[in-house]
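Presented as structure tokens, the chain that follows is alone, the form predicted alone.
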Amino acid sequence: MAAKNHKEPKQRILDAAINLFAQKGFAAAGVREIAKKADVNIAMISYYFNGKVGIMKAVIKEFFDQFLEIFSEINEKNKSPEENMRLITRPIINFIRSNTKLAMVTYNELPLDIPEITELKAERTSFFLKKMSSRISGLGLDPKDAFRTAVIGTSLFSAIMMQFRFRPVIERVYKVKYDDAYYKWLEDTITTLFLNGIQGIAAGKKKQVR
């Protein structure tokens, strides 16, 4: 408890919510339970976040802020398509590896009856795709082709995310160990799978234009 209390109440609430949302789901985790886990008065949740929806919005913002940061210092100029693919795949794997619960909650929890959460995710995703436009170009795709970009982007993230979501099952069934060697294999496999598929899509698009 002492170590947790070194953090500010707002961060403790956010950390507690991420843990509970990842464990139980957004709908099942109540504000009283979040407050108890965070060791704060329940009124602080209203003060800082204006309720559970506000917490979820803060989680989504936290995810995208950190997610964008990992790509900001990468120079993708004069890179081959494979290098560009790795410059997308590797940071995603490393980020989820270090922030599994945050990524799980942002990926899994989408209360469809709460439009403001859906709108926030759509807004942040669109902003991310714009930031990634040069890397998308390096794969032979047109960044302005929003639909294809969205399909490929969500498929890529989902393919990586599933390795973390089903980790206990994968470890048991396939007898693999989630270590550095496994994550390197995952990077190689995802890179090859998507690079070949993306180049096929890009080539097909060029044929249509002609």
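Source: prediction; values computed, not measured. Counting begins at 1, following the sequence as shown.
Beyond what is shown, the protein has a form predicted in complex with the DNA; the following relates to that form.
- For the DNA in the model of the complex, the listed stretch (162 to 170, 178 to 186, 44 to 52, 137 to 145) containing residues with heavy atoms inside 4.5 Å is 44 to 52.
- Contact between K61 and the DNA in the model of the complex is not found at the 4.5 Å heavy atom cutoff.
- Within 4.5 Å of any heavy atom of the DNA in the model of the complex lies no heavy atom of L156.
- With a 4.5 Å cutoff on heavy atoms, I152 does not count as touching the DNA in the model of the complex; it lies far away.
- Using a 4.5 Å cutoff between non-hydrogen atoms, V31 counts as a contact of the DNA in the model of the complex.
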